[in-house]
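Shown next as structure tokens: one chain only, the form predicted alone.
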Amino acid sequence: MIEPRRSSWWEADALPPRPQPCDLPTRADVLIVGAGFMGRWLAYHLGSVARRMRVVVVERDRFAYGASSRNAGFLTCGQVSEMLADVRSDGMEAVVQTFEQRLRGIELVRDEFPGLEIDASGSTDWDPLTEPKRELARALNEVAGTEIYSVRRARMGERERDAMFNAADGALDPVAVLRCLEARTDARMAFGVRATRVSAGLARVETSDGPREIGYDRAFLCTNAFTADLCPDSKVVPGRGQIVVTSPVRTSTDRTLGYLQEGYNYFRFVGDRLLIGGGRHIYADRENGTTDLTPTPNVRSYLTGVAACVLGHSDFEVEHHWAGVMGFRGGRHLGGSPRRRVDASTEVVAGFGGMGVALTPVVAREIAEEFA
């Protein structure tokens, strides 16, 4: 029942496989499928507004399977290069709405878990500055009511130039967030339990003891890239993201979060190591549409080359390499509020487009408030 896969950097000290439940309830007021960011934030917020409800979370993995425990840990409202591309594809109104949601998500994470360690270094967009980007930055600052985006001198390796800086962004350990959420919810969380059918008030699940059934009043499928497993007509398209972590490095590069090539490549420093992810746009035919969590040598080689550009040298080794799988609504990047009703009692909440760290707290709270 527990899925084998190469662990992420954050899962290095993850708990061992949990025993599968023998006391899985047969009835729930709210059933949540998936214990990633969306599932855990929803269980957490439901506990605040509806304490007497029976909330059950089922998760096929020992902790969290797809992207939530396997991302880069960017707590971000976005950089102008990626958002300018989203304006062209989805329009300014949708981009602004998602930008505001992500800002609220950053605030929620900080407010709910003030003791959580967050690197508040901000982020730098390393794509060339253009007038449309400056205009978008000015517009977003006006929406936010404060100067989030500004142009400043920035250094990558031995090169220095003007670049767009985002003061709101931060970085965290995504597994630490997942653990905080689990520790502060009264929901029944059942790991190593695979849902095989969820519809019309009845869920069928597989456990180590065989098949079970759980009746429910409301169910939320928070399975992101894997939504099609339970909802074959889902519009959520998977996309694999790969990340490498280097050996300890020396560099003059600014120790902010970094974006390259409209955000398809991204990096941060973890202690004295560089964490860098991306490559999906270069190998789109292999990285889009797959739910395989196996990292590939071609992306590893590509990211190693990008890391050398970021650091200004090649004096390092790759110490860790893993993959996660994101969900994109209709294959598009913009996350927004990805809710879709399946039937009168069942809803899909999936397809955050790689923005789930900041978006899921807000979407989860909006859903929970419907139960207040």
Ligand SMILES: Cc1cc2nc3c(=O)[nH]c(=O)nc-3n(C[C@H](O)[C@H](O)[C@H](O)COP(=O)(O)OP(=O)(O)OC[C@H]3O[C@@H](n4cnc5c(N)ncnc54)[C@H](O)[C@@H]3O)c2cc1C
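No experiment lies behind these values; they were computed from the predicted model shown. So that there is no doubt, residue numbering starts at 1 and follows the sequence shown.
Just so it is clear, the following notes concern the form predicted together with the named molecule, a form of the same protein that is not shown.
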At 4.5 Å between heavy atoms, only one of the stretches 23-31, 304-312, 42-50, 321-329 reaches the named molecule in the predicted complex; which one is it? 321-329
Report the residue, out of Ala72, Leu274, Val299, Val177, that has at least one non-hydrogen atom within 4.5 angstroms of the named molecule in the predicted complex. Ala72
Using a 4.5 Å cut on heavy atoms, which of Leu230, Ala168, Leu136, Val87 is close to the named molecule in the predicted complex? Leu230
Under a 4.5 Å heavy atom criterion, is Arg194 part of the interface with the named molecule in the predicted complex? yes
I'd like to know if Gly36 sits close to the named molecule in the predicted complex, meaning any non-hydrogen atom pair within 4.5 angstroms. yes
How about Pro361: is it within 4.5 Å of the named molecule in the predicted complex, going by heavy atoms? no
Should Gly335 be counted as a contact of the named molecule in the predicted complex, where contact means heavy atoms within 4.5 Å? no
Is it true that Phe99, Trp126 and Met156 each have at least one non-hydrogen atom within 4.5 Å of the named molecule in the predicted complex? no
Members of 56-89 lying within 4.5 angstroms of the named molecule, judged by heavy atom, in the predicted complex: Val58, Glu59, Arg60, Asp61, Ala64, Tyr65, Gly66, Ala67, Ser68, Arg70, Asn71, Ala72, Gly73, Phe74
